[in-house]
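Here we start with a single chain on its own, the form predicted alone, put down as structure tokens.
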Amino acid sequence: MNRARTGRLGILGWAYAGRFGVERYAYLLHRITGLGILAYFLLHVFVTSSRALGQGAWESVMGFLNKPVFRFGEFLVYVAFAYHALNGVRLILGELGFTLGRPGRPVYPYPVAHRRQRPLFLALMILSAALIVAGGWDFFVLGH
């Protein structure tokens, strides 16, 4: 029997679970950015804890992290945060029922998703893109 039919796709189910839609890609990107933010948080705790080893250890770690590749990594964390936060707002609004319609017979394609959820998704992704461009301008052009 096909793995998709049995529901045992595992981590491959994040990317492919049968039908594709914008929401599926948003779900996959939400997971990836969440894991990226978690990895950054763990690295941040590690770097910050080097301060407890003394001034020399702290300056050594900070000197190592003062390279362009880590600067670009900081920008990627910012991009992940901007996307993850705004997509999280969309998910919270959905969980609270603001983007759901009245209960009814589910007939594909689901019109409620197209009329209510997709415009909200597009608006938040445009806002996310605007934040990413503004952040990129601040990171790379202004150099803050």
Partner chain sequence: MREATLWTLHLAAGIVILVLLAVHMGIMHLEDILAAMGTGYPDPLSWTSVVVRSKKLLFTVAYVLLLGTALYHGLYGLRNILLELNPGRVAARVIQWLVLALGISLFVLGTVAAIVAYVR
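Numbering follows the first chain given and starts at 1. Think of the rigid core as the biggest set of C-alphas that the two forms share within 1.5 Å after superposition. Given the structure is predicted, the values throughout are model-derived calculations rather than measurements.
This protein has a second form, the form predicted together with its partner chain, left out of what is shown; the following refers to that one.
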**Item:** Non-hydrogen atom within 4.5 Å of its partner chain in the model of the complex for each of 29, 60 and 69
**Value:** no
**Message:** in the model of the complex, is there a heavy atom of its partner chain that lies within 4.5 Å of any heavy atom of residue 101, even though the partner is absent here?
**Reply:** no
**Request:** Spell out, yes or no, whether the shortest heavy atom distance between residue 107 and its partner chain in the model of the complex is within 4.5 Å.
**Result:** no
**Item:** Interface membership of residue 54, its partner chain in the model of the complex, 4.5 Å heavy atom rule
**Value:** yes
**Prompt:** Quick one: is residue 127 in contact with its partner chain in the model of the complex, heavy atoms, 4.5 Å cut-off?
**Reply:** no
**Request:** Would you say whether residue 100 is displaced between the shown form and the other one, judging by a C-alpha shift of 2 Å or more on the superposed rigid core?
**Result:** no
